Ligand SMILES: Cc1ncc(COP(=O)(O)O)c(C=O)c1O
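Take a look at this one chain, the form predicted alone, written out in structure tokens.
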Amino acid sequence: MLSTRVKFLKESATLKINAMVNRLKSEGKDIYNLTAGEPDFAPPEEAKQAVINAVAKNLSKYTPTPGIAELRELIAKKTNVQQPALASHPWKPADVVVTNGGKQAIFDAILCLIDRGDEVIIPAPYWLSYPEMVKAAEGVTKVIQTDFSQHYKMTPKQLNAAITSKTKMLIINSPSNPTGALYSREEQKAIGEVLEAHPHVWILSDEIYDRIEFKVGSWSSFLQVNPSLRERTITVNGLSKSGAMTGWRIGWSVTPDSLTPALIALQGHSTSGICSLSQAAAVAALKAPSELFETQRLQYLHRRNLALEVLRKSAKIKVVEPEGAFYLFVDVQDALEENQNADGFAEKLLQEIQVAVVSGVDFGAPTCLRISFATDEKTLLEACSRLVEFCNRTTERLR
């Protein structure tokens, strides 16, 4: 018999469809794959060389549970640079816990704070793992539904209405997976003002896409705008996206003294820590010149613009221009058949035109698709062109 906490967990939709795509490819089929939530760039050369050096030095032993000292120091420094409003009370290396990707950082924070029946507010569309993590902790997900007209961003009014005495946490992700939505400083400030009135609510700010913004200077760390919320905010980040190092599993949380010891204790009894070689790579990546990340940002921006130009050729596709991350979130409601949702639509795309995208159903948006532009231009343009043609053709059939 399975435990209650795992019995109803869903398989990750993104990992599931990637497995399906790989199976079709192994059968010799050409698939235009726009599902990947990972950069197609190579990791920094400095990181690769650091691993080689670490192997040569036999750095293969256990590391401290929260991470090696040099890495924690660099992460604290990076966070302080992004949150200068906290200059009078900066983060220390002791406030950092290095984890097996940002996913573990989020999961551990939820496990440490959420008890059975506690409510966690999550704006939708959301990263599909958030509700499943809350479910595993026996908490209750309270969804704030946003839509195309709001550019998929919750309003302070919505947040205030959602908070109850049972609310324990708000999860905010900016830039967002799956929508690419980025909360401006003014929008974050307004959200912070609501939270000021509810001191029992923690904030988990998932900032994994921090370096992928399409208007320079538009992104801001949540605590930079709301420094008064320092003692109940968890900042999560990592190198999977900005460093193109998804498989190296390097993430972290930066948390106040009231939470950090619990995170360390939990990690000590679960993973013990993360790979020593990955930590060596992370040190090198965090020391790498900023120009490296700027090159990738500009390439993502170029791809975004190319894809938008194609997708806007169909009146049946609604798409908000993403402000960050590397996703386009498209609403295809006008192209859906009767009683069809995005699951069925995505399956037809894969079967009929060999285009793989991720359904928005598990993201809390059943009429939408997530398109990743973390791929080469040829694949991106051909796939988007096929999608446009398919939507227009489907609409003609519906008439």
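Numbering starts at 1 and follows the sequence shown. Remember, it's a predicted structure, so these values are computed and weren't measured experimentally.
One more form of this protein, predicted in complex with the ligand, exists but is not displayed; see below.
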Inset, instruction - Run the contact test on K103, W127 and N173 with a 4.5 Å heavy atom cut-off to the ligand in the predicted complex and return yes or no. - result: yes
Legend entry - Per-stretch contact check against the ligand in the predicted complex, the hit in 82-90, 148-156, 260-268, 201-209 (non-hydrogen atom, 4.5 angstroms): 201-209
Legend entry - 4.5 Å heavy atom contact, R249 and the ligand in the predicted complex: yes
Inset, instruction - Indicate whether K241 is a 4.5 Å heavy atom neighbour of the ligand in the predicted complex. - result: yes
Inset, instruction - Give a yes or no for N177: in the predicted complex, does one of its heavy atoms lie within 4.5 Å of a heavy atom belonging to the ligand? - result: yes
Legend entry - Stretch 347-374 - residues with a heavy atom within 4.5 Å of the ligand in the predicted complex: none
